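Next up is one chain by itself, shown in structure tokens, the form predicted on its own.
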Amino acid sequence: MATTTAPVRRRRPRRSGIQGREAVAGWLFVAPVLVILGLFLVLPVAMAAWVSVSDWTGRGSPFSSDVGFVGAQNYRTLMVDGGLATQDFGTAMRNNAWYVLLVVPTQTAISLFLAVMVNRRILRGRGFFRTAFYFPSVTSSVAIVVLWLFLFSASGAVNKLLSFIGIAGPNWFNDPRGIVHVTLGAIGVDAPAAGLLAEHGFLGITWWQWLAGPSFAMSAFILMAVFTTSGTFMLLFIAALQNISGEVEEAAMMDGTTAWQRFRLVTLPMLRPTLFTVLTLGLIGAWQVFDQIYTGTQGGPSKTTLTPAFLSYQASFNNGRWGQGAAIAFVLFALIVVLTVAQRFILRESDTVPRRKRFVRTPPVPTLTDEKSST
């Protein structure tokens, strides 16, 4: 006769009074931070999100009854309609894309090179060189912009130096031509042939305009960004280099590797987390460039230094189109998030060995003696 047993009920352990009081104390400790983040981060972002889908003109409260909901109209005006707002947004994205493309890799490579050089034990006066390379990073950006305007003026020091080697320097902050177009013009290509480059485009400007390259004024700003930011990232790389044990490098030297092989196969992989940090910070800073443009050129000449951040400021504060200004900010935020995730995916550390690098042991070929012994 089969017997049935009643299921045993497990009693949920009751939280003791001490644990409950600890939880309450923990929430009380983090409550001020949560309130501050809510007031100064979550609430402004929520207000900006509402403004981006409204027709608020900056007068009165954005939550008043005379402010209407327009849905995605501000985003369509910027990205789809093809009017002047779309062309300005496309021009700003083109200018900033060239800025990011040239600034981020260059400043990363230069800062890594400076860190490796300054970190060498045989170098004398390392403290002096660290201070000298880091000094531009702590200088006021407005002061450096003013200095740059003097250096790159038509009769400035840069054009004087170029004249010594027989090069007539351009009028840096008044020439709207792109450098790629100028280079193509030197070999006789002044305009695109009818087709894809001339008749199609993205965000209101043709592909030929996208490929114009940075203007001379934007090139000067690119040089300034590399000059002012490389010192900061150099310190990050120095800190990472000093965390690498000397035994690792000595082991690589015992294996007979050259200096370049040790850097490429040992040092650089161990700098991967710092490299991701430097690239991410550089990417965010490059897409948010504003103060140099505001102080130096106000987007000129011919909008060739216009950037999304400065365009958002112009649309909001100068033209009263706060909805478009907020929409530009959110498009920029989404773009930065996508590019950061892509960088994270590219620089991820894999724990598995690629299939092509796996060592496959070839099974031994059975001999006649083995077959006889098995039988």
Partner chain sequence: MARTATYAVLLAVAAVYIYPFLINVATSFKTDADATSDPLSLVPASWSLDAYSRLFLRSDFPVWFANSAIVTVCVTAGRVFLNSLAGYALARVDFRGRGVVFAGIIAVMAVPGVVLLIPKFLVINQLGMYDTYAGMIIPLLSDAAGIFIMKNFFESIPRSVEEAAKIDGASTFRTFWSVVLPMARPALVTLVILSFQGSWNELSHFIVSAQSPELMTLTKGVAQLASGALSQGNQYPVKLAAAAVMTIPVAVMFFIFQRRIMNTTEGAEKG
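We call the rigid core the largest set of C-alpha positions that still match within 1.5 Å between the two forms. Positions refer to the first chain, counted from 1. Note that the structure is a prediction, hence the values are computed from the model and not measured.
Another form exists, predicted in complex with the partner chain; not displayed. Remarks below refer to it.
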{"item": "Distance check, Ala143 to the partner chain in the predicted complex, heavy atom within 4.5 Å", "value": "yes"}
{"item": "Contact label in the predicted complex: Ser65 to the partner chain, heavy atom within 4.5 Å", "value": "no"}
{"item": "Proximity of Thr258 to the partner chain in the predicted complex, heavy atoms at 4.5 Å", "value": "no"}
{"item": "4.5 Å heavy atom contact, Ser153 to the partner chain in the predicted complex", "value": "yes"}
{"item": "Proximity to the partner chain in the predicted complex (heavy atom, within 4.5 Å), stretch among 73 to 81, 246 to 254, 116 to 124, 200 to 208", "value": "116 to 124"}
{"item": "Complete contact of Phe69, Leu102 and Phe345 with the partner chain in the predicted complex (any heavy atom, 4.5 Å)", "value": "no"}
{"item": "Any residue of 104 to 138 that, in the predicted complex, places a heavy atom within 4.5 Å of the partner chain", "value": "Ile110, Phe113, Leu114, Met117, Val118, Arg120, Ile122, Leu123, Arg124, Gly127, Phe128, Phe129, Arg130, Thr131, Ala132, Phe133, Tyr134, Phe135, Pro136, Ser137, Val138"}
{"item": "Threshold 2 Å Cα movement between the shown form and the other one at Gly38, rigid core reference", "value": "yes"}
{"item": "Exceeds or equals 2 Å, Cα of Trp27 between the shown form and the other one, core fit", "value": "yes"}
